[in-house]
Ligand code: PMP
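Presented below, as structure tokens, is a lone chain in the form predicted on its own.
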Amino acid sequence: MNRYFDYNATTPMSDAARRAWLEATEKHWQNPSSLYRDAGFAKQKLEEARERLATLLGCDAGRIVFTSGATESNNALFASLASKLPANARVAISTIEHPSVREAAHAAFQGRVVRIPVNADGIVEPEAVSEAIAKHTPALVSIMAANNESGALQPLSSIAAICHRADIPFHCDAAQWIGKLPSSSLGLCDYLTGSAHKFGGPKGTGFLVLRDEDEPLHFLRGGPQEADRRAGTENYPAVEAMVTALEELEPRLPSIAREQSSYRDRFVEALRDHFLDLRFISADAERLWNTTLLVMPRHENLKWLTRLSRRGFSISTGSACSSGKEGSSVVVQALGASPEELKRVVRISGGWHHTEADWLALANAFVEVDRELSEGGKPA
């Protein structure tokens, strides 16, 4: 039984990615920047992987810069833009962005970050983007593709169209979207960031898609790697594993989404049968097939997490990058939750291989833990 329900935090490496990584490590471990023949083969394989990823994302390969993940990509983007934009330039981000966008934006554009609100379902409405652009004329708009806590999907095509009509670049942190929904539609974004470990690839690997392949953005200085944008020896085996993981998933995503969303919904129904006053965040929004964000009617979230963990189930209290902070759920906070409600937030995020039995076993474990905590009993 698969009892791991924290896939939005990280995922196990897929079998396909593992095989690809091992083969690349054995055959093409040389430095792609060296000049001898075997290094040239490694460089060729790296560029082939870049082309394959570009095909999946619907963009030109020259726009892709390989990084250590979405956090580095987001930080590099905001820092690089701030260094070349006018000193009074503003950027606009939503109130539900991941910390790697939110903190990076505020660090690079101190006092010049416009916050775009969300509606009652945790969705950034296109009208709110239009209003922010008309009022502040930001140099960049950054809206995530799928929320890491609630799973709510943002109206990317409408937002991108608004930005493009205003000639304002649109950045999208797609870390949670990629590997769960088809990636080809993401090509409409000017800037795009993602992380391999969110879809079965290795940790410490990701990418940034730039607006233009000739854009002069420099992240790390030193050598000429990644078109002189990010110095350091390229990690071809990890890149190969990342691209292979996504290639293996993409054709299967429609069927996975249909199947897994039905399992997730049955899980919610089972919980609602027991918890009559359960609050379900973004219940009426289109969202990822694997994600459920709940405000439990009683007991603090750390008690839920601890008791479920003792039963072998892994869940979270929200974003792993905010865990341990008081009121860590950015989404629930943006929706006006009370401090007490914030302490009862739990996130469940399943994977591609969960069965209906896995989901229902988790629901049953929630019921058992509730009875245990309500009766003041000792942990099982």
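Residues carry their position along the shown sequence, with the first being 1. Just so we're clear, the structure is a prediction, and the values are computed from it rather than from any experiment.
Keep in mind that the form predicted in complex with the named molecule is not shown, yet the notes after this line are about it.
- Using a 4.5 angstroms threshold between heavy atoms, Gln154 stays clear of the named molecule in the predicted bound form.
- His98 belongs to the set of residues with a heavy atom inside 4.5 Å of the named molecule in the predicted bound form.
- At the 4.5 Å threshold, heavy atoms of Gly69 reach the named molecule in the predicted bound form.
- Contact annotation: Arg102 falls outside 4.5 Å of the named molecule in the predicted bound form, judged by heavy atom distances.
- The contact residue chosen from Arg307, Arg264, Arg229, His197 relative to the named molecule in the predicted bound form is His197, the criterion being a non-hydrogen atom within 4.5 angstroms.
- Listed residues Thr292, Ser94, Ser183, Asn148 were compared with the named molecule in the predicted bound form; Asn148 is the one with a heavy atom within 4.5 Å.
- Picking from 276-284, 297-305, 159-167, 175-183 the stretch near the named molecule in the predicted bound form, with a 4.5 Å limit on heavy atoms, gives 175-183.
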